[in-house]
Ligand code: PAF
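One chain is shown next in structure tokens, namely the form predicted alone.
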């Protein structure tokens, strides 16, 4: 597996391969876990050249403390990617990655007004710009993202459409622990008690997916009561259209998604399930 730290070097590697091979790409922020393996396996199976990136993007953190505390496990990350049979990994330095770049100005429309866009101002502009930049140097044919970040996936698809990029964006189902908790790098920061309680919140979300009969208002009240009873701080839970992500008052049977965010102590967790 080749490890690149410079933009010019990864681009030269890609240009050598691209004429005769398909390029699959998995952008990550490191702290890799079993949930990432599903992305890696699909990328490896569907492409002749498999590339990943490891980069904790400062542009998408609106909380400096959250950026500082984001888990970093570089040696284990590289070992996992090598075991997955990846051909290359791009591990850039932020200052050199951003140097000389003229970023597009994101137009996120209504995606920036709800849920993560509402509660994390500037977050999706940072996601849009970094994925655009990584695509510029990796030039993938297919790129793979987890559906646990459902709204982020919608933002990336919008970016690809707006910037007219020849990339197929593939969303991969959320991978969960045996107790229902969605796998996340942030789980590493949970103590044992918070970890167990967070799984209870995810099981509540999964129960809604199996049989949803509530109004959005009733769901919000139940979510707030549950999280507060566990000692957590609720941020939002929304029933939304699966494509536009605009809030719904009730589930009509058309494709929808339930997205939630809350604080387990200092650790912010998100999760979602789709309906129909």
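Bear in mind the structure is a predicted one, so any value in this text is a computation, not a measurement. Numbering follows the first chain given and starts at 1.
There is another form of this protein, the form predicted in complex with this ligand, and it is not shown here; the text below is about that form.
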Stretch in contact in the predicted complex with this ligand, which is absent here, among 125-133, 77-85, 170-178, 96-104 (heavy atoms within 4.5 Å): 125-133
Joint contact, 28, 57 and 149 to this ligand in the predicted complex, by non-hydrogen atom at 4.5 Å: yes
is_contact(residue 145, this ligand) in the predicted complex, heavy atom dist at most 4.5 Å: yes
